[in-house]
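This text opens with one protein chain seen in two forms, each one given by itself as C-alpha cells under the names structure 1 and structure 2.
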Structure 1
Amino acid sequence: MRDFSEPPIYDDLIETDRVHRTLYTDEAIFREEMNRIYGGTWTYLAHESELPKANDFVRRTLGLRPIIVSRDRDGKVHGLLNRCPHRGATVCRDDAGSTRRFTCPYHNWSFTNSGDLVGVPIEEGYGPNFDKSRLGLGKIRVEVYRGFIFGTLNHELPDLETHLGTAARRLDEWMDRWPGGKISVRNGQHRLMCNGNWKLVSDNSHDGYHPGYSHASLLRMRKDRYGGGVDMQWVLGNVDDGLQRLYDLGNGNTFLDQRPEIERYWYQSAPMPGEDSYAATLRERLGERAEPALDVVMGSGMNLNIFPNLLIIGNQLQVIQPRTVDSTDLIWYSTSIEADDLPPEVNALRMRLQEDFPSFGEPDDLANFEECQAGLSIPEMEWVVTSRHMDTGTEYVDGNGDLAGLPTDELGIRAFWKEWLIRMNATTKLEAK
C-alpha cells in the first residue's frame, strides 16, 4: 500500500486511468477542498430571480463559508462573507429577505448591503485611530451570467463568461428553450441529504453509464405501467450504440447531452399529475400552439455540470452543498419560465414533473453513493477506475473544439480531476477584498 503521509501530494492520487480512494475519505483533503476548490474558481452562489428587487438578499455558503448574496439599492449584486469583523458573529441570520442594513445582533455594528461598516455603537470608545473603512464585511468577487450569480476569492481568474467558455453557450441553450422566456428560481426546492462525499454526486452527473442499471426501478415501473416510449427509455441496453454524447467543456465543466434521443418532448416526458387535464385545457384553448408549450414542461434532456457545484439536470438546478467529508446536501431548485406568451398551466405541470426524479430516480443514486462511501473506507482497496473509453478510439473533437465521446465514456470524471488538481495545486492567494 502506498504511504500517503501528510501532507498529501495530490499528483500522486490522480493517475490518467484511476484516482485514489482517499480523495473521497480524507478529512484534511476535504478541508483544503472547501477552501481551494470552492472559492478558488468561479463557484455558483445563487440565481438573480431569488433576489429580484433592490435590497433583497439570500443567505448561502461558499464551500463551508457562510455568505450573503445581496443587492444594493441600485440593484447591483454583492457577495459578502457573513462574519462580523468585530468578534466573528454571524451577522445575517435570516435565510432571505430585504434590507438596506445588516446589523450584527451581538454589539449592533451595522453594515450597508454592499458590506461597508456604517454604524458602531459608542464609537468613541475605540479611540481616534479607529478606521471604519477597513472593517467592512469580507467581499467576494462576484459576476453574473444571464441571471446565474457566481463568486470567487481568486482575483486572478478571467471574467466569468470567458471562464465558462462553451459551457456558457450550453447554458444559453438550456435557458432559451422558450424564446424570450426568463428562468425563475422561486418555486421551492427538494433538499436531499446524502451520507457520501460531494464528489460522488458530481461524478454521477456526467455518468451516462449508470442509468440503465441504477435506475432500473424507475425504468421498470414506467415500462410495466405505461409501456415503452416514455421518459428515459433511451438509457436501456448498450447506450453507446445510441445518440447521447458526452463533452468536456473545459475548466472542469462537462455536458451529457440526451437531446438527440428525444423526438417529441411532450410524448417522451415522465408522467405527472395534471398531465391529461391540463393538456386538454391547453389544446382546447390554443389548438396547435399548445404543443410547443407542452414541450417545455419536459426536462431539457441536458446534464450540464459547472465545476464544482452546479449541476443543471432536466429543468432543475442541482446545487452541491458539502457538509463534511462524508455528508453532502443536494439542493434541487425547481424552475419555472416567465413569459407573457407562455400559458401558466405549463408552470403548474413543471412543478409536478420536477417531483418525479427526486422521488423515483435520485434516491436510488444517493443509496449507491452511500454504499460507495462505505466501500471506499477500506484501506487495502486503494483505487477507483476512471479509464472507460480512454483508449477505444471513440473520442473526437466536436465543432466547438470540445473533446467529445460516447455516453458511457468516463471523460467527464477525468475532466473533473484535471481541473481539481489545478485548483488544489494553485498558489494563488484567495482573498476577500
Structure 2
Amino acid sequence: MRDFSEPPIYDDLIETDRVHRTLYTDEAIFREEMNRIYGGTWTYLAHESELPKANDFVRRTLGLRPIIVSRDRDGKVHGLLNRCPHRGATVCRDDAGSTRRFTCPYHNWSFTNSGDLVGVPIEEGYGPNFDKSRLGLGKIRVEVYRGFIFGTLNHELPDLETHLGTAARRLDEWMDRWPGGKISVRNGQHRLMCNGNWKLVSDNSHDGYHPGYSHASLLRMRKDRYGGGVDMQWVLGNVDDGLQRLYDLGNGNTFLDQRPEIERYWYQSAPMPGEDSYAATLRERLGERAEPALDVVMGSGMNLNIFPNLLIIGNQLQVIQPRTVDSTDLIWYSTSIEADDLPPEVNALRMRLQEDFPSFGEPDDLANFEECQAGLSIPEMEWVVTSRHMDTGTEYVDGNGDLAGLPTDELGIRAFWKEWLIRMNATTKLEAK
C-alpha cells in the first residue's frame, strides 16, 4: 500500500485564469501524476469487445504500470499488475490472446488468469512455510460501464458511474445511435507518438477554438473539392456564432457537442470512393431504414472526454498513454456496430471514413503539441492562459445542471485542471489487492 496522506501542494501553480508551464515540463510532477491521477482515479483500460470470450486478455498500462486486463473461465473481468512477485519480471508479453494461465518466462511461476499463483517449480526449495496464496499477481479495482472497462488502485473512490456523472448519459447517446446495436473496437488501431506532454492532448480535445485554423488546409481542400456542407465545415469562420456548445460534465469530464450543426449526417460526411454503389445497395435492401443506417456511417458529432485518458471523437476512441513527461502515445480505435439488422456495408463505409481524420487531421494536432512542448521549455515565460470566455457572460447552466458555453470557451481546460488539482492534492492510499 502506498500512502499519499501528505501530498505536495500544487495550488500555487493553478490560478483561476492560468496555469504554470511546469505542469507540462516538470519530471517530478509527471511521476506524481502517474500515481495520483492514473492510479488514483477511474482510468480507462480496455473495451469488453476486445475480450469477447472467457480466458481472453489484452496487455495495457495504468499510467506507467504494465497491466493485464483478463477474463477468467467464468467471463469475469480482472485487472492484474503484470509483474511476477518473485523477481519482478513481466509474466505476460503478448499484446492480446487467450489463456487460462500466465507463466513467467524467467522461473516458470504460473498464475491463473484471475491472478492466483498456482505453480512454482521445485516448490520444496522454499520450505514448509511457503504460502502461494499470498504471492499472486497484484489486483486492481475494476468496474465496467456498458462495455468500457476502467480501473483504479484507489479503493476509497465512489463507484465508476458516480465518477462518470452526467457523462454517462452522453456516453449512452453515443452508443445508442443505432438502437439495439453494440459497439465493437476489434477493428485495428492507429498508433501515433507525440513528443509532448499528455495533458496537451487533453487540452486540445475540448478546444473548439483551434480546428478552423490548425486544420485549415484539410478543410479548404475538402471544400474546394466537394463544395460546402461537407464534414467539419462548421469549424470555419467565427464558430461562436454557430450552434456548437461545450459542457463541463463534472469530475473533469467534458463534452463538445457539434450535433446541432449537422442537418443530415450521411450527406455531410466526407465523400469516399465507391460510396454511391454502397448507398444504392443499402437503399434497395432497407427501404426507408436505409437513411438512418447511412447516418451512423458519419462521425457522431460528439467529442466526449472522460477524465483522465479516454476521448471519444466522432466514431472513434482515442486513448492517451503517457510515456515520459514530454512523450505520449495516442491510440485511435475504430469502432463498428454489431447488430443483426445492420448490413455489413454500413460498417465497411464506417471503417473507411474513420481512416480520414487520424491520417489527415491528427498530424496537425501532433505538430502543435510538439511545438507547445518546445515553447513551454522557456523559463522566462511562466504561464499558460486559460481564461477565454470567463468574463463574456456567455456561460450558463443547462437543464442537466452542467455548465455550458460557446465552443471556443476554455471552460473545458478549466474543468480538467479543477479535477487534476483535486486528485493531486487528495490524501489517499493506492493498493493492489
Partner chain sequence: MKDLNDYFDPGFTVDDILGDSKTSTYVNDAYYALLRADMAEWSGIGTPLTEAERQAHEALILHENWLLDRRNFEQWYQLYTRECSYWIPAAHDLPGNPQFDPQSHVTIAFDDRRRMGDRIVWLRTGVAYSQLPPSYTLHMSTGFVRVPTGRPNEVKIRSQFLLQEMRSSNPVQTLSGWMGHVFKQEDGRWKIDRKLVSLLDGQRGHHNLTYLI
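The first residue in the sequence of structure 1 is number 1, and each one after it adds one. Note that the rigid core is defined as the largest set of C-alphas that superpose within 1.5 Å between two forms. This structure is a prediction, so every number in the text was calculated from the model and none was measured.
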item: Structure identified as the form predicted on its own; value: 2
item: Displaced residue check between structure 1 and structure 2: residue 188, CA, 2 Å or over, core reference; value: no
item: Did residue 325 shift 2 Å or more between structure 1 and structure 2, C-alpha, core superposed; value: no
item: Rigid-core frame, C-alpha of residue 105, shift of 2 angstroms or more between structure 1 and structure 2; value: no
item: Backbone CA shift between structure 1 and structure 2, residue 272, after core fitting (angstrom); value: 2.4
